[in-house]
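The structure tokens that follow cover one protein chain in two forms, given apart as structure 1 and structure 2.
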Structure 1
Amino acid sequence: MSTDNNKILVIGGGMSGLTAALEAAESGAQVVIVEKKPYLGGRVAQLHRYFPKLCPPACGLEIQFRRLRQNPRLTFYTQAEVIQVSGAEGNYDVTLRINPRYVNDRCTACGACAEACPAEREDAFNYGLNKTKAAYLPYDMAFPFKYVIDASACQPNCGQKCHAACAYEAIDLNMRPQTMTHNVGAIILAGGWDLYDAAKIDNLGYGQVKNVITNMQMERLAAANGPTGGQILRPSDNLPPKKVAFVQCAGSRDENHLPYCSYICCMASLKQATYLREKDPESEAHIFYIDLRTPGRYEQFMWKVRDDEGVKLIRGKVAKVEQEVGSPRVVITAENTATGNKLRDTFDMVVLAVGMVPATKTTPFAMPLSYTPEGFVIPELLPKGIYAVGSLKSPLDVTKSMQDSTGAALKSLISLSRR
């Protein structure tokens, strides 16, 4: 198993990247994870629960972090990006840029810096539903458990209050970006996905109509570590919505936006209907869909949710989302694709089942690769020794991404031995 170059680079520290990295490291390889955010765990860290088990993703992440802590062959860099790649299978030179955290390893996550900090920033972890200080902990269970300073949000001339407040010499506002080079035998691309910009879907009202939120925002509203402490409250007045509409294929399966199906949104909305119903048994969830896509064994979950009297599944494509006149409520106009009839109904809140965009759409890999027009990696055309996993190739759910990532670990190990 050992070769001169026994190292694999994994780009992306979300669940896919972590899995690929851990599986490879536990099979003998040296692995370096490069993550652009200041914490590992990626998108699943933001999910309240997984479908169909309705179990918390933090549970699996915790095991991954424990595996990582125990594994001497695995190292990771957060706030890091790959800026240059050259070479070939068995011998890639990768240049990383590590962006400054302004907080060093002496941080104990005591929180004094945030207490002292006078500036605020939009909380990206909670999709802008609240604010944090410019000195912040990405989220309560963040790994690594260290604060970060968002220099772009800092108040100029605040007198470095965070620095003064820190008893551990952990704040270093003079940090500069660092570059470093790793020679690796194989590279796994595991950048995952971003949410499609819902504001581009004009007819669905996001950003224009009050109380229209995205599915990822719904995850944060339901989570105990979210902006509302786990209460589902609509943004305009922080009241619990009684009647909520879920609009499927928001962007997906639409030639003007995303021509593909985003795989997870039907299951995600069914799951979110259970959040709503669990928190308020009087509430109603109306799911507007084109086709209900709950493939494989997910079907059982759909049956379970469908059998809940508070959940209504409506075959209909939503044509318009508007504000009710003089009210924070939202009016939905849909066309029943079965009958052609128009439907109109009013809701307290609307959740758009916004589709996924591969991370490579906005941030292509630092080496020319072939992409589909939608930004997906075309796996057959990847250079030898470079592998893409999960939703970088086609939208996918977590489980199947894990399967794919595990396989990519083996393919990378084989690349190492081909040197």
Structure 2
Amino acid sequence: MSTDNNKILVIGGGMSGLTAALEAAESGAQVVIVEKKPYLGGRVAQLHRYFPKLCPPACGLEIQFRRLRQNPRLTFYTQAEVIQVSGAEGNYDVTLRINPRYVNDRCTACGACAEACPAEREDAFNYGLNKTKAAYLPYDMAFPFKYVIDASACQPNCGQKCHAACAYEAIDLNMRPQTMTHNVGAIILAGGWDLYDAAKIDNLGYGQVKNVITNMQMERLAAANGPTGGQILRPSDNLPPKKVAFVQCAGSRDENHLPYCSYICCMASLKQATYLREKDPESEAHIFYIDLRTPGRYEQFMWKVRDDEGVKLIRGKVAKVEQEVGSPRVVITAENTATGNKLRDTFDMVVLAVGMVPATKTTPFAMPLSYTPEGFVIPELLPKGIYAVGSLKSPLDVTKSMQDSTGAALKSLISLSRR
């Protein structure tokens, strides 16, 4: 057990968690980051571009990773989870479980294990748009930069082929889960968000109608390190779509699914319309919306997109998404609420602006906390010394989440001062 009395635990290694951890560590605290995925970077790593500068995530993430590498007060665990918490502010005992990666620190990311691996898995990083080998590198600038073996995808004894192919003895098939305990003065919850299951929205056709994808799948199609090398191609035949519909509030603001606004969806679809238009100036983007919510300075971005002649903004609720008979194209039925007319149109691809669900909805914290019916943490009712950040409290964009994380780092440092 570690007994350092100047330690903060950060649960979640996405942009919010990294920001909170780095701010606290650079202020003198010892910080432990716990991340359930095999890499740090979270959802931001999966974006093509993010606001406000519309730059690729590699920029911001590389800065954060460099700060992390240079700071001896930071320790991180990937493929890890918190399984037990006890104590109070200034004296929390936290038990972690570290799940096996089956690849040790000798890994040079040469890729020999993946070349030899006979098993495949769906690529969760690309939201199932492609497959990788069971031995895989999560993404091209993954941190830590080493391979991982997905044991759930392995065939009996197939790991031996990966082991035999590795010249550096980096494959360790005997790894087992480990537990460890840290004593910390404060805890920051930065578990982030999950994408709502679009298959639950029966009328929008996800999983049933060809070429209906989610907004995060669109990010991966547009990204240079995505499954298509940055070319926006529809999944059914890998042809570039000329006419794409963006359906807003897919599940959000709907009492049958997510009763709240997910905050980022309007901006995400406007941004993705620019991806399409930049790749193909002859393409068309049709955005079906209830109302467009572009807070603060983002209003100017909306005006820019609105004035593009290749972008059509349609105020209307989509009632149904269907497959065109004998074709990979998609038919949308909607009501234009501005005119009162029923609209029926055909598109090459449909992108659903699916909402955000707090990670605590499916994975509650390892001690009793107060949540809203939607799974968001109620910050006012958190125990002293525990702080939630970003989208665990409400839907937020990257910038506001990072600002919130800086505030949580300061509060955690104050908690340490009370020990």
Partner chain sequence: MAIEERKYAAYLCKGCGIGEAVKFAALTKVTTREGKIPLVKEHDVLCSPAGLEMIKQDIASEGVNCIIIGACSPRVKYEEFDFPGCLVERVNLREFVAWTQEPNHPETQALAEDYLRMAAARIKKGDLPEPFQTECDKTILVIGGGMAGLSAALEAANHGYDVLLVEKEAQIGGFGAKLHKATPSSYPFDKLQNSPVLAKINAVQGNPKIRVWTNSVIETLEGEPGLLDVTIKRNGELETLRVGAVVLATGWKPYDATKLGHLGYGLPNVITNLDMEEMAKKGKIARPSDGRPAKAVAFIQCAGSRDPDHLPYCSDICCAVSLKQALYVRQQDPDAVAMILYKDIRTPGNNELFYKAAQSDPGVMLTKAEVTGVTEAGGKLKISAQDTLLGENVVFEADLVVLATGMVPTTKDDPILNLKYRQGPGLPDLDLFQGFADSNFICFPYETRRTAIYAAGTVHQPMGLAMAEQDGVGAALKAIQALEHIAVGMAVHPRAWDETFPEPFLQRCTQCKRCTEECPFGAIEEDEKGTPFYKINRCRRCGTCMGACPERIVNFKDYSVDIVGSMLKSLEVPTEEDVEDDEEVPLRILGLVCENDAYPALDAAAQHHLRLNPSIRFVPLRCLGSFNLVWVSDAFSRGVDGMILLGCKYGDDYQCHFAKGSELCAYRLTKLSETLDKLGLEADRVQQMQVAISEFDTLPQILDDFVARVKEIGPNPFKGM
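Please note that residue numbering is based on structure 1, beginning with 1 at the start of its sequence. Each form is matched to the other, and the largest set of C-alpha atoms that superpose within 1.5 Å is called the rigid core. Note that this is a predicted model, so its numbers are computed, not measured.
Participant: Look at both copies of the chain and name the one that is the form predicted together with the partner chain.
Facilitator: It is the first structure that is the form predicted together with the partner chain.
Participant: With both forms fit on the core, has residue 52 moved 2 Å or more by CA between the two structures?
Facilitator: Result for residue 52: yes, a 2 Å-plus shift.
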